[in-house]
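Presented below, as structure tokens, is a lone chain in the form predicted on its own.
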């Protein structure tokens, strides 16, 4: 017998979420044996590096360009930001290619795979705007070399790489937000669909 509570959208949403993602899936205490693989270590390394990137980026945005150019502490935080980005991309590329060869889209996991790919693309754009926001000769050379290519596509009408303020806002607000949301969605889909199993051993099946 249905009640008024059953017709509330919050009740329906809670039941739908609990059905798709029960606590044992959201926070599992066991995993299949094939999850014990280095390829997943690189996935966790990617997320760990992203946390350091966001944390150091938060500090840099509080103090501004003059601090990271002139202060020794600013230099240190800026270096942490740079090297965490380097680790982030290295780990992400290894994880991405590893999952490609493992066929990570199998078993209805296309959305899981695509969120990972789109996160990688968003991260490239974030890194580019970061290089453009350094406010030094390096960023000046990068932006002047990139502007003609971007303008030739028509994107320069709303994405002006020579505009430091615009590049900085893209780098510290819009693109990091997109990367974090996509990463969270990717992990959530992994929890819902589970980790893709390895390909069947056809030679073993034949025996």
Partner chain sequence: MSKSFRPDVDAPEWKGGHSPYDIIKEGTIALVVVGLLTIILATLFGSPDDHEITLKNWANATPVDFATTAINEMNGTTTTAGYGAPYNTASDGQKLGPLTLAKWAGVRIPVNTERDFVIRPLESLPYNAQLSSALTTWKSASSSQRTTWVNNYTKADAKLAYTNGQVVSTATDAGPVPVFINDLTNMARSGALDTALVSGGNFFSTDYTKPLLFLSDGSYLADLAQKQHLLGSQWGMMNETNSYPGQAWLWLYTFWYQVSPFSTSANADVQVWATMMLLSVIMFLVPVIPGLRALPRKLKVYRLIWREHYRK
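Numbering follows the first chain given and starts at 1. Quick caveat: nothing in here was measured; it's all calculated off a predicted structure.
There is also a form predicted together with its partner chain; it is not shown, and the following applies to it.
Practice task
Check whether residue 147 has any heavy atom within 4.5 Å of a heavy atom of its partner chain in the predicted complex, and answer yes or no.
Solution key: Yes, residue 147 is a contact residue.
Practice task
Answer yes if any heavy atom of residue 156 is within 4.5 Å of a heavy atom of its partner chain in the predicted complex; otherwise answer no.
Solution key: Yes, residue 156 sits close enough to its partner chain in the predicted complex that at least one of its heavy atoms falls within 4.5 Å.
Handout entry: Partner proximity in the predicted complex: residue 141 to its partner chain, non-hydrogen atom cutoff 4.5 Å
Key = Residue-level check for residue 141: yes, a contact with its partner chain.
Problem - Interface membership of residue 122, its partner chain in the predicted complex, 4.5 Å heavy atom rule - result: Contact with its partner chain, no.
Practice task
Taking only heavy atoms into account, state which residues of 109-147 are within 4.5 Å of its partner chain in the predicted complex, ordered by sequence.
Solution key: Residues within 4.5 Å: 109, 110, 113, 114, 117, 118, 120, 121, 124, 127, 128, 131, 134, 135, 136, 137, 138, 140, 141, 142, 143, 144, 145, 146, 147.
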